[in-house]
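As structure tokens, one chain now follows by itself in the form predicted on its own.
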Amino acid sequence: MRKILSLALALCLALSCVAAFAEAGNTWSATEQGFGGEVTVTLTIEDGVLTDVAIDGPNETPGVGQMAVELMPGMMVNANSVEVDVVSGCTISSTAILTAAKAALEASGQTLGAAAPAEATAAAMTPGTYTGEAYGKWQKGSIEGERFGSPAIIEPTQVAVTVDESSILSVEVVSTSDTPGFTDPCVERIPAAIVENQSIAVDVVTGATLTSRAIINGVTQALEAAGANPADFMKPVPKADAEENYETDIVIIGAGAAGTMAAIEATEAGVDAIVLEKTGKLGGTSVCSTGFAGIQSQQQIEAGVADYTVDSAFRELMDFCKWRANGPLVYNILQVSGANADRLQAYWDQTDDPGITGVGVTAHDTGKGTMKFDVLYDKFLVPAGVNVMLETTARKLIVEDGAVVGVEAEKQDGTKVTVRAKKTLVCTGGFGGNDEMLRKYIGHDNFYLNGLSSNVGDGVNMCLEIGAILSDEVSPHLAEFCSNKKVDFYAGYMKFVNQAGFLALDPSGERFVNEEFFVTQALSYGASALRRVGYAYLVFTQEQLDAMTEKGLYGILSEETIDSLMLRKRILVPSYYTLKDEMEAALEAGEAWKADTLEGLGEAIGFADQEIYKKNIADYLTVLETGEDPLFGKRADMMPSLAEGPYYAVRVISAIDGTYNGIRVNENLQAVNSDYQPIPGLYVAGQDSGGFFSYPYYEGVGWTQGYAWNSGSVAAKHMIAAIQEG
């Protein structure tokens, strides 16, 4: 009877797409979708006791999701329960494991009893100091870290853990190659929290998950070396039962460029401001940018760039987007952009940060990193009285009589925070880190996020909940390079393979774009085409793979062609030396294919209709033979040969820095309702707000950050004027 019930439950749940089940003796299994693929949990239950838990999740991310796979079995067995806490920093994998475990338990028809009283650890630790190491944000061989201030050669984060027979006495981060600025809050908080709570289940630093997990994973490794069972140090950290209440003139939600500029405006006007930032660092996605657009700053004029005026920039942008952008808003942003660039530099000139290091027609280069934000807060904003609360997540806007009068928030430790304010500015950075919202508003989630995973739409959703509406131009902020979700092409050189002119096929096997657009009009035509199809297959030969590995793009394209394309310097390096390792990883992950013939390549990929693939290959071979591309018009000097195999195909998706265009605003950055009327008290800036951009992205440099800084300025000026007028 129990078996019949078990099978009936399994069938019912399977039909509802919850999970897939299997039963054998006293074991029950269920499968759920994790971060990288399916995760299967197998429970062994004897007389109401969970005697064993096995988790199979081979595609979960090493050092992140894999830690949930490794640690949660012991947590469940120790608790005799499938309802345990998620492993901090591994939420998606942990949730999948918990869902599958609960489904397997339900299918078993059994009830687990209370956990037996904890017994003394069977094998006490051997006192001493032990070391552990793990890679964090930057994996071994990554070339990207150096662009953000990390060493050229990435080493794992190393920790030293001192223990006695039963407790952790100290934790020290010996070294880390992760991004400066991101590592600081992790080094400061996590070791102390582990010692204080005698637990490795401490919260990760929001916005620095990978670095946090590297420290925790290193400590876990050291505990194992000392003879401990890491599951014995997985006790949950209690949340604080406290409340904090504040009153201010302006509350700013988000400490990126928009929030920072708004705080500067408030400080200069003598208006009180509180800044809430959900991560453990300042700067938001803006720390990943290399500069921002500004028109007719004094710095540009002194550099001889004086002809590009606000009026000419306005006409250029509006013509580009066919007037789908909000013209008055665009003009307001451009009008203040030059002066704001000079204001920012005046602040940076008083510090050790060089600030703007170069100017162009639009660009004001600052370089990547948190330093330019840290000095603004440390030297000017905080001393002037701006109250900055890090690791404090806004949860809900407070509305009274139709007006927004503040926000409810929560600190990382669980403390409830209420801020009542005369004006509220939301600038949390869009929703590039939220796959569900990408599917809902963009159409699919076939994107590799090169921005911050902490940008999950908090601000957008809070505004929608109180009657704000979305812009009709909500879009992903597409990057010019390609990537993959299973294999991190951004860590090496594979992200540049779309720059070589290789044949690109859509998921059906059909050619869909003039491949030169991936270089010549990368942010508009090329990026848009790749977004439209969801993912593409780039096709090239063994000889070309070898040539790129040895000479980079110079192994594929002539120097004359490369000179005409004006490619970025980081693309034009002597060797793409990581390429073959990346290809092997892609082949192993099922994201690349190899065959001796082009026909065999199509069969290996597994196109549903091979005839579509064959026809497109035949047509493209004719293009290569004649040097003429009648359908797409591709230039002949960007047509690498496919004359001789073996052949490769690699699956690529769009890389994005996040999203832009969110809540619809007017020219003063006031959020509007469905009647297009301003919502009293509520302003939205940066990538949470919509109107400055259209789709596709402007073909220019620094517009996203230019909008972020200057939208914060325009919004704050209007808020301050309203407050001062009473």
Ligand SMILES: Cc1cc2nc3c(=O)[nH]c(=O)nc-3n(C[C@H](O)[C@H](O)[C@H](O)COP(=O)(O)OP(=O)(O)OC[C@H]3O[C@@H](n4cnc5c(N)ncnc54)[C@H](O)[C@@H]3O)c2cc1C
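Only a predicted model underlies this, so the values are computations on that prediction, with no experimental measurement involved. Sequential numbering from 1, following the sequence displayed.
Not pictured, yet referred to below: the form predicted in complex with this ligand.
J.: Since exactly one of Gly451, Gly89, Pro73, Gly355 fits, which has a heavy atom within 4.5 Å of this ligand in the predicted bound form?
T.: It is Gly451.
J.: So this ligand isn't shown here. In the predicted bound form, which residue out of Thr285, Asn498, Ser483, Ser471 has a non-hydrogen atom within 4.5 Å of it?
T.: Here the answer is residue option Thr285.
J.: Could you confirm whether Thr176 comes within 4.5 Å of this ligand in the predicted bound form, counting heavy atoms only?
T.: Thr176: no contact with this ligand in the predicted bound form.
J.: Looking at the partner-bound form in the predicted bound form, is Gly602 within 4.5 Å of this ligand by any heavy atom?
T.: Although this ligand is absent here, Gly602 would stay clear of it in the predicted bound form, with no heavy atoms inside 4.5 Å.
J.: Look up in the predicted bound form whether Glu516 has a non-hydrogen atom within 4.5 angstroms of this ligand, and give yes or no.
T.: Answer no; every heavy atom of Glu516 is more than 4.5 Å from this ligand in the predicted bound form.
J.: Looking at the partner-bound form in the predicted bound form, is Gly256 within 4.5 Å of this ligand by any heavy atom?
T.: Although this ligand is absent here, Gly256 would touch it in the predicted bound form, with heavy atoms inside 4.5 Å.
J.: With the partner removed from view, which of 27 to 35, 59 to 67, 41 to 49, 679 to 687 is the stretch that lies within 4.5 Å of this ligand in the predicted bound form, judged by heavy atom distances?
T.: Result of the contact check: 679 to 687.
J.: Residue by residue through 639 to 669, tell me which have a non-hydrogen atom within 4.5 angstroms of this ligand in the predicted bound form.
T.: Sequence-ordered list has one entry, Asp657.
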